[in-house]
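So this first bit is one chain, no partners, the form predicted alone, shown in structure tokens.
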């Protein structure tokens, strides 16, 4: 909550519920999912407060906004703990899986060194279909997203 105080913003019960919700999950989420989950903690949480708080969380570096080519953004609550992790996203059910790889990290270092750069941030995003689609011919989660 230091980032809110630094911006001279009041720590309201709504903001507290939103922040507690964000850092109480390890799942990626959309703004609408965050609204739903936050309202389970505090029924008074408004959509406007969620949409005003998310940019503060991303600006602070505690949460990462991710664009997967949808009409809405996803947010990564694990960004601060693991800033260099990568994502695989199912095109069908929007399942998001995080992974880290020493091989990828080594390759990134090698490429940036060859090209005369130093790594500041990196982002690898792979899209595909999850195993459920392969096994069943359709992802049963697709209609639920």
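Computed from a prediction, not measured in an experiment: that's the story for all the values here. Numbering follows the first chain given and starts at 1. Take the two forms, find the largest set of C-alpha atoms that superpose within 1.5 Å, and that set is the rigid core.
The same protein has a further form, the form predicted together with another copy of the chain, not shown here; the description that follows concerns it.
Worksheet item: With the partner removed from view, which of 42 to 50, 27 to 35, 91 to 99, 55 to 63 is the stretch that lies within 4.5 Å of another copy of the chain in the predicted bound form, judged by heavy atom distances?
Response: The contacting stretch here is 91 to 99.
Worksheet item: Taking 16, 20 and 78 together, does each of them reach another copy of the chain in the predicted bound form with some heavy atom inside 4.5 Å?
Response: The answer is no: none of the three residues contacts the partner (heavy atom, 4.5 Å cut-off).
Discussion item. Please determine whether residue 127 contacts another copy of the chain in the predicted bound form, using a 4.5 Å cut-off between heavy atoms.
Written reply: Yes.
Worksheet item: Any chance residue 12 has a heavy atom within 4.5 Å of another copy of the chain in the predicted bound form?
Response: Because no heavy atom of residue 12 falls inside 4.5 Å of another copy of the chain in the predicted bound form, the answer is no.
Practice prompt. Answer with yes or no whether residue 112 is in contact with another copy of the chain in the predicted bound form, where contact means some heavy atom within 4.5 Å.
Written response: Taking the distances in the predicted bound form, the answer for residue 112 is yes, it comes within 4.5 Å of another copy of the chain.
Worksheet item: Which of the residues spanning 102 to 123 lie within 4.5 Å of another copy of the chain in the predicted bound form, based on heavy atoms?
Response: Contacting residues: 103, 104, 107, 108, 111, 112, 115, 116, 117, 118, 119, 120, 121, 122, 123.
Practice prompt. Examine residue 113 after superposing the rigid core and state whether its CA is displaced by 2 Å or more between this form and the one not shown.
Written response: Passes the 2 Å threshold, so yes.
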